[in-house]
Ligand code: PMP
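Only one chain is shown below, in structure tokens, and it's the form predicted on its own.
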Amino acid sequence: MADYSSSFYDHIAQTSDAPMGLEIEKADGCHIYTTDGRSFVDLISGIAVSSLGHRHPAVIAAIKQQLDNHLHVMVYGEFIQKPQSAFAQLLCDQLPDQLDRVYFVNSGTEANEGALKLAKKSTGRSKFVAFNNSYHGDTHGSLSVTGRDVYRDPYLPLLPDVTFLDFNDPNQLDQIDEDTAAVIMEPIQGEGGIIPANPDWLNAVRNRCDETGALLIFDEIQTGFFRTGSLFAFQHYGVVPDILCLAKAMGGGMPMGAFVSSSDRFEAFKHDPPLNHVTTFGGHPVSCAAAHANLKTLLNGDFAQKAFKIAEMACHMLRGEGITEVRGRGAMLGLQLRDADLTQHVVEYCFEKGLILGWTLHSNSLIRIAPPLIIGDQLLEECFQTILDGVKKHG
């Protein structure tokens, strides 16, 4: 088999000085296999993407069937394409009545970009409210509402009129006012450290938006599709957003994103001028076919209970010296360790033992745990034991 590692380092634009550098041969279920004969358990699902594992049979069958029909045929929104329409219908059937229309894109940051534009266009306002330690993507608009200066500062100036509040602080909500187009937030901050919203505070945010006419945007790019134990995290809270942003696990491994809102609100994209938000590849028929099969499989399974079982096992097993907290919801968990040095050693130890763990951009002492929802109890137990062994070895 050809070795492409030199091409990777010579011609692929790198985003860090130390990429993981695994040369992938195949991925299947919960495992990733490399060209040098090693296998790894993917305990982060490709960063919350592969909730049904890698290459789920239903998703693969849908992709193959669509390949025999057509690929790209026209830019977004002009031709009626069965994979788009069928998936949009199934998705909207799972949502409250006011979230009845979907705009398909290719990624999470594109979903957030579209949501910001829709909020401005439909309200006629320009101010946004976001939250410290949030993460909404790396394109300019999404970065403008991301609450981490270390990532924002190299690209200033960004969008003007963005106000950052403290997450879960009820004393700052008066800064949401009649000039605010939208409040954008994650119901559970992901890169910010796996921090769930306080239910009372989230309801207060919703109420303040209603009082001022500001829209509420939920970035559920990480939390969606049963990752937290419900199809979407907002369902835990009983708080419905005005715009819902989705991606990651949506496509079953294919590039896919969306923002969802009301039909009335989407009227703003039709005029002054027409076609004022367009995409060439958004809603690609192969991605939509994969996403449709992915969602049908999730809805027909017991994945809500599986997410809670994963959390229960994690809280039961991941205890002891060096571990200070397990937090999050369902299968979106953060393992807080004593310090950065221990965290680095544990991640490296687990990697050597064939276990891929994650991290967040916010904390160097937090390990991300987001396994595929298909993972068996025995394999999950073995993974948690490997983490414990790493903590004990280096603690």
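Note that residue numbering begins at 1 and tracks the sequence as displayed. Only a predicted model underlies this, so the values are computations on that prediction, with no experimental measurement involved.
There is also a form predicted together with this ligand; it is not shown, and the following applies to it.
Exercise. Does His136 reach this ligand in the model of the complex, with heavy atoms at most 4.5 Å apart?
Worked result: Yes - in the model of the complex, heavy atoms of His136 and this ligand come within 4.5 Å of each other.
Exercise. Do Glu113 and this ligand come within 4.5 Å of each other in the model of the complex, heavy atoms counted?
Worked result: It does not: once this ligand is placed as it appears in the model of the complex, Glu113 has no heavy atom within 4.5 Å of it.
Exercise. With a 4.5 Å heavy atom cut-off, would you call Glu186 a contact of this ligand in the model of the complex?
Worked result: Yes, Glu186 is a contact residue.
For this session: May I ask you to check whether Ile221 falls inside a 4.5 Å heavy atom distance of this ligand in the model of the complex?
Result: Ile221 belongs to the contact set for this ligand.
Exercise. Any chance Gln98, Lys121 and Asp242 all have a heavy atom within 4.5 Å of this ligand in the model of the complex?
Worked result: Heavy-atom distance to this ligand in the model of the complex: none of the three under 4.5 Å.
Problem set entry | Proximity to this ligand in the model of the complex (heavy atom, within 4.5 Å), stretch among 271-279, 100-108, 205-213, 71-79 | Heavy-atom contact with the partner occurs in 100-108.
Exercise. Heavy atom within 4.5 Å of this ligand in the model of the complex: which of Lys248, Arg227, His292, His284?
Worked result: Selected option: Lys248.
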